[in-house]
Every structure is written in C-alpha cells, then in structure tokens.
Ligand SMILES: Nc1ncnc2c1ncn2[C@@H]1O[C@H](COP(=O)(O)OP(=O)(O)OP(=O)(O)O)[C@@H](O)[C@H]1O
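So this first bit is one chain, no partners, the form predicted on its own, shown in structure tokens.
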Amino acid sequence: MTQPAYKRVLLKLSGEALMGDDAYGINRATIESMVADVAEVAKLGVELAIVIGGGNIFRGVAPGAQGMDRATADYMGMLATVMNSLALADAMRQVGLTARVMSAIGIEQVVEPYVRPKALQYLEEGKIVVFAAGTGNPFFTTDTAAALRGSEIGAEIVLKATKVDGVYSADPKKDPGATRYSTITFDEAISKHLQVMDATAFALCRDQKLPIKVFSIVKPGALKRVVLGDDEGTLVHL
C-alpha cells in the first residue's frame, strides 16, 4: 500500500459543496461521492477530522434573514452545520465508517459537545471526527473553525476542498489565461490578494505554521491524491 504523506489531517468542506447542482439542501449523490473519497483516505490509515459549513441550508432561508441581527444569523448558520454534520456522519455509517459529531454549541440530545481530549482519543482510535457549529461564536467563519480545530488536534495540514482545483493567479472562470499555483507562500498569497481563506483563518494557519492545501472535491480521486502527496491542487505554506 502506498504510504500517505500525512498522519492526521483536517478536511474543510463547504456547505455549498453538498448541494451538487441543486439550488440548496443536500444532494444525495454528491454526499455519497464525498463519503466514498473519505473512505479511500480512511483505508490508508490517515486520522481524519472534518469541519463543514452550512451555506447549502442557510441559502434556503437567506432571503428571510435579510436585515436580521448578525449574531442571530450566525447562530442559525451554526445549526445548519450541525444538520450537515449529522447527514455526513450517517452517510459514512452506511459505508461502514465510524464517525463522531462534536458540536461547539451545546445540544447534547443530538450530538456530543466538543471536548478536545475526547476528539484526540477518537482520532487515535481510527474514528472520523466531524466538528460542527463552527467555533461556537458568531462573527467567525467555518474556515476559522477549520484553522482552529486543525491547530488544536495537531493536524499536519488543512485540506480546503472547493469546486476549483487550486489557487489561481486570477479567476479561471473569467480569465482564460489564469494559471494555477502548485505551491505558494502565505506572504505571496497575501501580497497577491489571493482569496485562499478568510483573513482570520489564514492568519491563524500562518501563525501556527499549519499549511493549507486547496483542491477540488468534485474532481474524482483528488482527496486521495492530496493525502498521498501527489501534485494536486495548491499548497500554501510558510
């Protein structure tokens, strides 16, 4: 078996990635495809934690949230991530993977609370840990939650799954001449104004010397190739 390049990773999934081609919600075929990719990584013996966003669900209620207090809207978004985490964990259960959902906000009847030593224990036992509800605080994105949880669990890298296969010099949809970076430093990404992650998450990863790999989750086999250390996506490093 080919040896993975990393022992422990934090995978950041956007809620929008779960929509597939739908306007909002969870596309069953899409989540099953993602779980199949996760299963391939788990077979390699990699310890895997996941942070997922809630945009796919919140998008459906966004029109009604216009003018809403920002903190209230953010708490709604956190609850959306819990729903996505439950769906993801159940889809993993159906293919024989053991997953634990841990929430940053207390809803013990549904999922267990986030406790760092317990999360570390689950990872060491080979379970997949899904971190729900972001950081548990309004005004912070799930990107920041990924950087925070990745730092807390000692992940070797944050894998940011997107619909684009890396970081480009310009928007590849608008500029046909845009080129993909194979690697780029944190400082270069800042100076070139490349939107890798939101500023808070990006700064935390840089300060903690936690590299980020940006890749396409919709590209077949990309997650496994990233974990094996192949030239897939863009590596952001010091």
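Start at 1 with the first residue shown and count on from there. By rigid core we mean the largest C-alpha set that fits within 1.5 Å across both forms. No experiment lies behind these values; they were computed from the predicted model shown.
Just so it is clear, the following notes concern the form predicted in complex with this ligand, a form of the same protein that is not shown.
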property	result
Answer option from M92, A155, V101, V167, heavy atom within 4.5 Å of this ligand in the predicted bound form	V167
Contact assignment for this ligand in the predicted bound form, among L204, L44, I31, L194, heavy atom within 4.5 Å	L194
Non-hydrogen atom contact K163 with this ligand in the predicted bound form at 4.5 angstroms	yes
This ligand contact at E188 in the predicted bound form, heavy atom, 4.5 Å	no
Heavy atom of P211 within 4.5 Å of this ligand in the predicted bound form	no
This ligand contact in the predicted bound form: L13, any heavy atom under 4.5 Å	yes
Within 4.5 Å of this ligand in the predicted bound form: residues from 119-152 (heavy atom criterion)	T142, D143
I50 C-alpha moves between this form and the one not shown by 2 Å or more, core aligned	no
Post core alignment: A189 C-alpha displaced by 2 Å or more between this form and the one not shown	yes
